[in-house]
Structures are given as structure tokens and as C-alpha cells.
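Only one chain comes next, encoded as C-alpha cells, the form predicted alone.
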Amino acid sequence: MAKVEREGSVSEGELREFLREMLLIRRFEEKVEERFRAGELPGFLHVAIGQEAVAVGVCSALGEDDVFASTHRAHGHTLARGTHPNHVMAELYGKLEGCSRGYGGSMHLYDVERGNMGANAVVGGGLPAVTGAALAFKLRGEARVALAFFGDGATNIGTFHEALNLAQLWRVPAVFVCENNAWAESTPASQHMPITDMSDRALAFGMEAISVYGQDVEEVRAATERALQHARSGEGPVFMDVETYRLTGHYVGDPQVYRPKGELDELRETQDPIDRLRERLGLADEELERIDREVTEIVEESVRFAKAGTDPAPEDALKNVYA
């Protein structure tokens, strides 16, 4: 297992843009939670507050022709890959202007034009698809990489092991990004994993593994660049164990009685990736407030756009049904 150290490969200008993107994701998800609690959004809602550095660090490293599959916690990945907030918000409101034409909602965001193969409500559901996409790239001789996001709980399901086994056997250009937040919904890692080092999951298949601290966007970016280079060069897939923290419940409304008392307050104080990057850049309060106002207005406009969007016709529910 390799441990990625800070390499200083990201300029201060890029880090400032990363901060802006992370803050946009944070404000977007806070607004989405607010509108969900107000009864405006259908279905279930899972936010990734606290994990913004993973989304931005990984997606900023992807090549234009690379693809990825997400999870049920997909807003951040989708925004970081470049889908406009208007179209993500419209999707959550079930509008035709949404990135999935209103069919998907929060847990089924996709944007093929930007390489987003789709979020998946099935735990680990994107892993086999990514292995298949990577195999296609290899057979076609294309210098492209397929990447999958998933949580540590997903490493216990059969398709995780099947996907990684075949990916390594065929040495396909794939990167498997485990957003290791130590919770499988409400079950702590100590109760669902018999090993303490997540990277050992990959070593069982002889796969290259990289461990990285996921609250530092610069470290995540460097680790992802290294993983993509390894996969793209024909050396086979890479498993990334990204240690991150979910500063919220599994779903909006989760009472979180499973967490030790005071844990969330401590994590918010010490492990917020936005606060850490702000300190790294030495931003004054005035500059951070300016950026915050800008992204907040973008989010507010996305709500206005979504509410003014087009509701699908009832008969649209029967379209795109194949079985």
C-alpha cells in the first residue's frame, strides 16, 4: 500500500477554485436539505456534507474522456464534474430540465455528456458497470479510464469482489474510489469489517492500492492523478482508500442515535475540509464571505430555475420502460 504525501502539484489559483467548488457543493446540499424538509422534494435524500474534498479532488483530475459511476450520495460528484447546478436542482424537483429529465431524482443523477454514467441507489451498483466500461476502453485501445465511487459498506457485497477480481484479472484501466467514512449507513466499520486497513481488500486481488486523507483536497487530487496515470498506462486498476468523514446523517432526518455523543461536534470542529482549505490558503473573512455570497446566489438561482421548470406529463412514466 502506498501513502500519498503532499506533492505541491496544485497551484494556489487551483486551490482557490477548489475552495469555491467545495463551498458551492456545501451550499447546494444545505439548500437541498432545507427544501426537502419543507416538503418540496420527493423521495429520499442523502447529502455528502463533509466529503466535498473527495468529490472535487477526484473529479478535477479526471480527463475529458474519462467516465465515472456514483452512489446514492451523488450531488457533489455530479457538480464537481461540471453539471450545472440548475440541471441538478431541476432533477431533484422532478422537472424535464433536470440532468436525468426528471426520471432519476437525487439517487439517479447522470450526465453522459460529462462522463457521468449515473448514480445508483443499489449499494456498489456502479462497480460492475465501471469494470465493463474499462474493459471496453482496453479492447478499443482507448486511453480512457473508468472510475467508481462507493462507500466502505459496499466492500462487503459480492459485486465489489467480482468487479475487482475481473478488473485485476483483465488489467483494465479502472480506478475504484472508496469513500471510507467508517459508516455503513448506521453500522460502524468495527462491526462490519474484520480488517482495520481498507486497502487490504485490494491487496487480496494483487491490485495497486493507495491510501489518502480525504479531507485534504490537494492530497486527494495528487493521489487521483497517480491512480489515473497507473491505470491509463496499462498497468492495471487501482484501489483508492480515501479516509473521509460524513458530517451528517445517512439520510436527511436520520436521528443518528448510533453515533457517540459529541462525536459530530468534534468532527465538525476538526475535520471540515472547507475550513482546512481556507486555513491552508490563509483567506481573510472578507474574501471567504465574497465567495460564499457568489455560490449562494448560484444555488438560489438553481431553485428558481427548478421551480419554473416543466413538469413531466403523466404518460411520460411509461416511456423508457424496457422490461
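Start at 1 with the first residue shown and count on from there. These numbers were taken from a predicted model, which means no experiment stands behind them.
Although it is not shown, the form predicted together with a further copy of the same chain is what the next lines describe.
(request) Using the partner position in the predicted complex, report whether Q229 sits within 4.5 Å of a further copy of the same chain, counting heavy atoms only. (result) Contact check for Q229: no, nothing within 4.5 Å of a further copy of the same chain in the predicted complex.
(message) So in the predicted complex, is a further copy of the same chain close enough to F160 to count as touching (4.5 Å, heavy atoms)?
(response) Yes, F160 is a contact residue.
(request) Please check if S233 has a heavy atom lying within 4.5 Å of any heavy atom of a further copy of the same chain in the predicted complex. (result) No, S233 stays farther than 4.5 Å from a further copy of the same chain in the predicted complex.
(request) Look up in the predicted complex whether L203 has a non-hydrogen atom within 4.5 angstroms of a further copy of the same chain, and give yes or no. (result) The answer is yes: L203 has a heavy atom within 4.5 Å of a further copy of the same chain.
(message) Counting any non-hydrogen atom inside 4.5 Å, which residue from L79, I210, M193, L247 sits next to a further copy of the same chain in the predicted complex?
(response) Answer to the contact question: M193.
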